[in-house]
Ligand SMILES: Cc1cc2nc3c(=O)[nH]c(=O)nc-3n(C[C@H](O)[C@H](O)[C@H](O)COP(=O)(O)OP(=O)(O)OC[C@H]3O[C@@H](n4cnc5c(N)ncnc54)[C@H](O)[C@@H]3O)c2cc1C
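The chain below stands alone and is given in structure tokens; this is the form predicted on its own.
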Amino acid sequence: MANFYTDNPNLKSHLQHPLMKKIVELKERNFADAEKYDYAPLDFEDAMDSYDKVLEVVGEICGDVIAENAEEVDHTGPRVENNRVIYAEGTKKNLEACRKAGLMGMSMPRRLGGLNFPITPYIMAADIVSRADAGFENLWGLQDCAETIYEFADEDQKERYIKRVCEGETMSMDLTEPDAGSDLQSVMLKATQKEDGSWVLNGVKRFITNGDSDIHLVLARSEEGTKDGRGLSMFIYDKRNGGVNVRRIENKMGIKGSPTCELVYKDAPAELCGSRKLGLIKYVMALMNGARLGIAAQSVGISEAAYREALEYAKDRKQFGKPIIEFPAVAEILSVMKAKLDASRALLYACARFVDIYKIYDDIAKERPLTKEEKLEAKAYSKLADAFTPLAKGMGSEFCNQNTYDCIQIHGGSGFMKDYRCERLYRDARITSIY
């Protein structure tokens, strides 16, 4: 049985970084949850043991289920029937395995059904899932969107929606449109408030990852007559209420298990999330930073898979009477691949730890005033997170593309054939430096 966590000692070394003690103690509020929940940790060692055990479960599911289904999912992909997305059979099995193992809503508080994990072990799980199948990471990893609901929605919305995510329902962030890609200020999906105070959405969204999810975060124009970011608000749309149809799924180069949808909103009921006019200025900016960290983890996972594929092939493939790994040119390519992998992973987890500390302080500030020292520390880590997040995403995605390229190069002509996994990794990697 394969385990994508226990077979990679580099992961455990990053998990055991000295800064984790501070992160865990802040996250657990001196382990107050131990009195309310029998699965809450009693102390730092207990918490670390819990992360280790859960990551072992993630590693086992990834090695034995998700990685095994990846090829079939890549070949068949999702489809649209009656304006709804039907996942590939392998994707359904993957989701069910993750639900049964309680791996949805990992970073959410226990009172809402989550595991209360810090960002760092959660990002480690995303790294492992991406090694197994980068396309599935786009479905599983969108539980990130629950973080936005937790940070900005009201208590009633948190209770109703985050608990559903922790039980296994999926999410999406509906931002881009045919005429508004990176330029989100141009979003024109219309949000109209009815006389009773409720909202409905009308318009089209495009390139929406997992677009037929159960719960959507939607960027829409709530202020009539505006044309810039100040007229946009964030909304929560629940698929149970109807009003949104999938027009089509994009036929993509890679990450084929992840349905990228064009959506049509027609009087779709929605709820305002947070305050009006802050949809882009505040909420999407926070959402995007989380997404960048997730893509950095996805990139590292693909890099890991590419390096392992190349190394294994170089050891097995013989030419001129010896394994090709014994040729200096091949050995050099492998050593550079490993250096890029290790560098991008080190940057990823440094960034995750910085994000952890400032976000935990933000959460504590909702419960009590921060001390002067805490405010200064929170500000310092927030600055570090702001600097490291684009670096981790940018460098990780570029190295990911380079490593999958070199993986094919080591395979030679065989790497160009669909018989080998490296061809799929190469296609999956390309999007990481784009989205």
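So that there is no doubt, residue numbering starts at 1 and follows the sequence shown. Predicted, not measured: the structure shown is a model, and the values here were computed from it.
What follows is about the form predicted in complex with the ligand, which we do not show.
In the predicted bound form, the ligand stays beyond 4.5 Å of every heavy atom belonging to Met234. Among heavy atoms of Thr148, none comes within 4.5 Å of the ligand in the predicted bound form. Within 4.5 Å of some heavy atom of the ligand in the predicted bound form lies at least one heavy atom of Lys252. At the 4.5 Å threshold, heavy atoms of Met108 stay clear of the ligand in the predicted bound form, well away from it. Contact with the ligand in the predicted bound form, defined as a heavy atom within 4.5 Å, holds for exactly one of Leu201, Leu347, Ile208, Val246, namely Ile208.
Scanning Ile357, Met173, Leu115, Ala314 against the ligand in the predicted bound form with a 4.5 Å heavy atom cut-off leaves one residue, Met173. Heavy atoms within 4.5 Å of the ligand in the predicted bound form belong, among the stretches 87-95, 181-189, 119-127, 68-76, to residues of 181-189.
Shown without its partner, the chain has Thr260 as the single residue in segment 259-292 with a non-hydrogen atom within 4.5 angstroms of the ligand in the predicted bound form.
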